[in-house]
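Next up: a single chain in structure tokens, the form predicted alone.
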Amino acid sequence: MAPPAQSQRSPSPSQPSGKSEVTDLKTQLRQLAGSRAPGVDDSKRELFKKVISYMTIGIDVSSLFGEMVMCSATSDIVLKKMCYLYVGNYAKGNPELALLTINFLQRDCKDEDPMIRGLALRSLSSLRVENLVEYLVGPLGSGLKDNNSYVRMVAVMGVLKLYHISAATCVDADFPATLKHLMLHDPDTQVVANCLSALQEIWSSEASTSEEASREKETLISKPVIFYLLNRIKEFSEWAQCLLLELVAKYVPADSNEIFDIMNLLEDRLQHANGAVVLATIKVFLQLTLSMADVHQEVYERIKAPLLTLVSSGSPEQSYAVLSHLHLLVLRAPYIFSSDYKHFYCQYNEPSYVKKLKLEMLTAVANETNTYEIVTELCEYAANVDIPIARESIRAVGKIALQQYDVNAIVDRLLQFLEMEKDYVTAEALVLVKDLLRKYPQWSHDCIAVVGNISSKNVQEPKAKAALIWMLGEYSQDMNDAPYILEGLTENWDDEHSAEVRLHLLTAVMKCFFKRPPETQKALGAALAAGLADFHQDVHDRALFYYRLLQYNVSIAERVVNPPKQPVSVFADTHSSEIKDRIFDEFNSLSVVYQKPSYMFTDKEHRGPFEFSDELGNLSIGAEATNDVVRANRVEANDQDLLLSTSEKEESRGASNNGSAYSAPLYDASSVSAAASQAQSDSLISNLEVAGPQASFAIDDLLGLGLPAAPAPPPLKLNSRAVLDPATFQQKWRQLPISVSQEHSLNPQGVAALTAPQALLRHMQSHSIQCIASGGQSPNFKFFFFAQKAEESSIYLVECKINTSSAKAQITIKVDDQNTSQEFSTLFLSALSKFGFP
């Protein structure tokens, strides 16, 4: 029986069907290697294109190395480029093959065509094979003396590459001195710029070990060099101008005459079409005049027009970068830019990130003369279809109100926002009205009249609802329905998912109780009962605190919860003046765009204690998770013990040894004052101050608390089948703040067990805590664990550094849900304790 016929399929030219394709290419290249027939270069081009395409998609074509080198014996520049690309790709990974290319690259370095000489020298210096540096010194020396500027330019960068391969070889060949000579005497400005860039990098690296290199580095910012380069700056490319201007910004002039000479030389750079050149020039002007206050202010006036021109021209990305720098200057000198506020009005076609930055600038430049116009413009944005921008505009109005003295018109605008039938507008306005009342309590009558008409059912955002509740508690004496609104919110306690709202509700009910006790008595009892039963630790603790405070002394409780308040004069700034100065020192860099100093996004300790990109690849991936879940032991506070009176607590401790670590301060209940602070609440509050052991029961009866104690929250359970990939772990580790950082001592059993790290991994897996990476050698070990909360998406990340010689373990925990960080820490340490940890 004949075999079935195979289907005829022509392979794609970019996807070989197997090794036969590479073999065919090898045969064809060998046939063309020595051919001089007409059109042979065109045939080579087609074959070279196939080889490059295969290499690009990851197919190994290193077996064609010899044939590619043989076919490169041509004057066709396109073929040379493709061959150099191929050679550079495989040379570093195959040093033996790279040796085969030396002869033909050195030969091409002596070609008559300067383009081929430059390309060959660039490819030769890009091999980056340490064993071949001896073959690089000669061509580089010849290239630095070449008659063609392109070859010299390539040779200068080749010297820098040689330095990174073998610094000693580069210095011994005296290349830095040659580069310095070229920088000061070469007629081509691109060569000069390359020399400047290479020397800065070489001498900066050598300065730490060589005094001569340190002195040479200082000569780069000496007066003769600076003024020589500045006199030629117009001949430089835009990139070279930026490089030179960065160098000039480091120069310290001897006197004011030098400062003015430099500024005169650079005056026309402020009109340059390239934004990078303008910003670099502005940095020079600002740095030079820092010690001259009057001139520094004039510089602000001078640079204002170029910056505003750049903002209005160019791409949105460029506008954002320039606006970021302009924003920094506005924060330092808002009065200079106050008359140009209209330049910061938002255009309909601008991206949201540009609009947001402009809103911040409008807030910064607002003063007594332009506030009305700016607020009017911002109010127009409140109806914007772009909801985030509408929110930002309302916040901007609030910020302006908090920094101005005459806020009459602004308050009216904010109150109009409350009457708009848009949920997000009402929500933002409520938050701002709360802050406004904290600073200007005299406006409470007007604001409360409008706020009282807002139904709490129509406010869903947590921050807005918290602000409304704060006003209900703070001004409950002026709002007739305040106790009943708070009572309704308390009845729907279980439907409120935000802990922030529940915390504000507890405090507001307490405040309202001290001002209108008969109407709030029921709501306070329900709020305390719900708070004591709340699973959120902060809510539970605050309710317990209020309960114990009422039990101790109602008058003291009122002074604690609702004391006389002074108006807030200044709200905290997110950035300190020191950080702003650091950002200003790094003008014309990413620090200005990120609005944070460079160390905050480059230093390792600010990215996290472990840099994954460098070290994660060296760690081993943890073993597979097991299905068995062993629940860790937990030590919980006995809330029932906390709710007992002092005498009852002593009796219960005598009868049972429950091991509770809580101890309340002792006091004499009979000495508690029976007077309340307000006359209208004397009769009710006096009932709370019952002397003797029955005080807590009297409060329970009065407030309707039928619970002797609040139930403890359920123990934390972990998902035994949690899965997390290393990339997600790395991203979350960088983003999340440190929740718990503890150091523990190891006992001898723990140290002995850690001689085999896999035992720790298996032990933690039995507790549903997985190891994603581990590494190190004795005595230092590092483990990365993760866990997931059962039936939820909350993730727990752990870094565990162990030093067996000092018997110490440093444990760092980061979590998605900060509310369960301590609980997970207890569970984690409990699991570790079974492995020999204390």
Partner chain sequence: MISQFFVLSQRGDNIVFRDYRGEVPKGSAEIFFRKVKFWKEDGQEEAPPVFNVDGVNYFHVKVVGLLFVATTRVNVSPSLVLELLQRIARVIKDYLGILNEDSLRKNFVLVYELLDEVIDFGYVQTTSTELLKSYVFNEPIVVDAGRLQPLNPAAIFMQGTKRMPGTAVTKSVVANEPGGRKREEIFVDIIEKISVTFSSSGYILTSEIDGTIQMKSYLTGNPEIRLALNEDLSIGRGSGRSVYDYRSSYGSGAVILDDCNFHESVRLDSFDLDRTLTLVPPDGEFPVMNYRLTQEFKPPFRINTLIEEAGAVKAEVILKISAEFPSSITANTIAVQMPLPKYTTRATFELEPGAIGQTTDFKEANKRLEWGLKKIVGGSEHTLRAKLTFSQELHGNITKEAGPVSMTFTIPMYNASRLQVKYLQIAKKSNTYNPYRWVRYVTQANSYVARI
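Rigid core (definition): largest C-alpha set, two forms, superposition within 1.5 Å. Quick caveat, the model's predicted, so the values are computed rather than measured. Numbering follows the first chain given and starts at 1.
Form predicted together with its partner chain: not shown, discussed below.
Q: State the residue from A293, A254, V385, A168 whose non-hydrogen atoms include one within 4.5 Å of its partner chain in the model of the complex.
A: None of the others qualify; the residue that does is V385.
Q: Of these, T178, N553, T289, S589, which has a heavy atom no more than 4.5 Å from its partner chain in the model of the complex?
A: It is S589.
Q: For a quick test of understanding: in the model of the complex, does each of T309, S313 and S598 have a heavy atom within 4.5 Å of its partner chain?
A: Answer is yes for this spot.
Q: Out of the stretches listed (757-765, 77-85, 99-107, 434-442), which one is close to its partner chain in the model of the complex, meaning heavy atoms within 4.5 Å?
A: Among the listed stretches, the partner-contacting one is 77-85.
Q: With the partner left out here, check for me: in the model of the complex, does some heavy atom of E421 sit within 4.5 Å of its partner chain?
A: Output for E421 is yes: heavy atoms within 4.5 Å of its partner chain.
Q: Report yes if any heavy atom of F729 sits within 4.5 Å of a heavy atom of its partner chain in the model of the complex; otherwise report no.
A: F729: no, not in contact with its partner chain in the model of the complex.
Q: Contact between I52 and its partner chain in the model of the complex at 4.5 Å, heavy atoms?
A: Because a heavy atom of I52 falls inside 4.5 Å of its partner chain in the model of the complex, the answer is yes.
Q: Just checking whether R122 would be counted as a contact of its partner chain in the model of the complex - the rule being heavy atoms within 4.5 angstroms.
A: Within the cut-off, so yes.
Q: Using a 4.5 Å cut-off on any heavy atom, which residues of 187-204 would contact its partner chain in the model of the complex?
A: Read in sequence order, the residues that approach its partner chain (within 4.5 Å, in the model of the complex) are Q190, N194, S197, E201.
Q: Tell me whether G88 is among the residues that move between the shown form and the other one (Cα shift of 2 angstroms or more, core superposed).
A: G88: C-alpha displaced by 2 Å or more between the shown form and the other one.
Q: Quick one: core overlaid, is H164 moving 2 Å or more at the Cα between the shown form and the other one?
A: Passes the 2 Å threshold, so yes.
Q: Would you say K422 moves between the shown form and the other one, meaning its CA shifts by 2 Å or more once the core is fitted?
A: It does not, since the K422 C-alpha is displaced less than 2 Å between the shown form and the other one after the core fit.
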